[in-house]
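A lone chain, given as structure tokens: the form predicted alone.
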Amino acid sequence: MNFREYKIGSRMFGVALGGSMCITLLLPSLDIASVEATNVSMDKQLTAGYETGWNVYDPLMLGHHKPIKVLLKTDPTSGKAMEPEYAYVYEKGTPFPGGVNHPNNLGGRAQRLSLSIGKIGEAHSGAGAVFLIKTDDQKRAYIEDATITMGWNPDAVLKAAGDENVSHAGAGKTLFVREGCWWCHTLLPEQTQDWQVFGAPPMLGDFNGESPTAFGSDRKAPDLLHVGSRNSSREWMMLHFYNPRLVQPHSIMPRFDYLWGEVDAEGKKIDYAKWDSEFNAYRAGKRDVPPDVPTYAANSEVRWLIDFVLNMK
């Protein structure tokens, strides 16, 4: 009988805590699991791939084993012109995103369509695949494995698209996370006056299969969720990433010039010390114009990062 009141109180507290956790975590999880994936979420997960944070496929977060988003204007099998369409190329060994590995993440209706019409259940990462986002007669979106339904293979699709229509936004998101961009930039406009500046906030179904969401937690710089719609200039982005003070003299954003690598687009070694010297002369008023920013190589990390930023629309 000793401490009977304490025992009863402890049990009641445990029941109350367990019940509140069930209401707070379990029930909303069941509700969220039934949410239908939107076109936005399908695009995001197919663009980014399996995981853009730390993962066993890319432990150093170098942007490896990522899908490639392409704008197709020519049919890869016939070579004939076609209506422009985005395709998501997964080369051999590239792990599939959550919506393909676990179709239930797409929500009931999208899952049924993606399996029955899109044939995503027949996709194999070891062989590679090409995915499309399609809609049925009732405008309901689903994922289609074009490798099964249309005979498109990754190599043929990449060749048909050409490098000018290729986006490495998936690898770019890995760099966005690795470089800490989300420490200052959010990807979540709030339901306030943000709408007027940064665009509409995302919908609940916009996050199915995305990992991580990269919402950010403390906005010190503009929200970037729709930045590709506000500013689609690749040249401006190149200046901004090389040295933000080129476009905003009082910017507190760090430089990301090291993402250019060793050589420029022509294969010439980049002389960073010379560029800094000329830029300092420009800031001191000893030079009329700033030095030209090197054009990045096609396989440079900064290209991937800019691809990701411009893909957010």
Partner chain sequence: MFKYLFSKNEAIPAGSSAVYFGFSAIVWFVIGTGLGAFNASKLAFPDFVHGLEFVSFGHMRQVHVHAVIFGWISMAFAMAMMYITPALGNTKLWSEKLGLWNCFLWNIGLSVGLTVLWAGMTSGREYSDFPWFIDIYISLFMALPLGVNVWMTIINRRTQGIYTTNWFFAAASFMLIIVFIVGNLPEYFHLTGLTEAYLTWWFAHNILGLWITPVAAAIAYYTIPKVTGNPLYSHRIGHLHFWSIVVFYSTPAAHHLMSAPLPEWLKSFASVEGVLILVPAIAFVSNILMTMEGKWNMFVENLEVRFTVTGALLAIPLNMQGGFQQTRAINWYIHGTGWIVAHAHLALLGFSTFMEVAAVYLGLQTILKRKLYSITLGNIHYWFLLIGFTVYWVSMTIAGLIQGAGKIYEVPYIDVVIAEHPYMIARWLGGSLVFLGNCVWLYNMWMTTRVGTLVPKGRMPHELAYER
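Here the rigid core means the biggest group of C-alpha atoms that line up within 1.5 Å when the two forms are laid on top of each other. Keep in mind the model is a prediction, meaning the values are calculated, not measured. Numbering follows the first chain given and starts at 1.
Omitted here: the form predicted in complex with the partner chain. The next part is about that form.
Colleague: If you check in the predicted complex, do 53, 59 and 184 all have a non-hydrogen atom within 4.5 Å of the partner chain?
Modeller: Each of the three qualifies.
Colleague: Among the candidate residues 274, 64, 269, 283, which is the single one with a non-hydrogen atom no more than 4.5 Å from the partner chain in the predicted complex?
Modeller: By the 4.5 Å heavy-atom cutoff, the listed residue in contact is 283.
Colleague: Looking at 82, 203, 200, 150, which has any heavy atom no more than 4.5 Å from the partner chain in the predicted complex?
Modeller: Selected option: 203.
Colleague: Can you say which of 211 to 219, 82 to 90, 152 to 160, 121 to 129 gets within 4.5 Å of the partner chain in the predicted complex, counting heavy atoms only?
Modeller: This holds for exactly one stretch, 211 to 219.
Colleague: Would residue 245 show up as a contact with the partner chain in the predicted complex if we use heavy atoms at 4.5 Å?
Modeller: The answer is yes: residue 245 has a heavy atom within 4.5 Å of the partner chain.
Colleague: Heavy atom to heavy atom, is residue 262 within 4.5 Å of the partner chain in the predicted complex?
Modeller: Because no heavy atom of residue 262 falls inside 4.5 Å of the partner chain in the predicted complex, the answer is no.
Colleague: Contact between residue 39 and the partner chain in the predicted complex at 4.5 Å, heavy atoms?
Modeller: The answer is no: residue 39 has no heavy atom within 4.5 Å of the partner chain.
Colleague: With the partner left out of view, is residue 75 within 4.5 angstroms of the partner chain in the predicted complex by any non-hydrogen atom?
Modeller: Although the partner chain is absent here, residue 75 would stay clear of it in the predicted complex, with no heavy atoms inside 4.5 Å.
Colleague: Could you list which residues of 103 to 125 come within 4.5 Å of the partner chain in the predicted complex, counting heavy atoms only?
Modeller: Residue within 4.5 Å: 105 only.
Colleague: Could you tell me whether the Cα atom of residue 295 shifts by at least 2 Å between the shown form and the other one after core superposition?
Modeller: Result for residue 295: no, shift under 2 Å.
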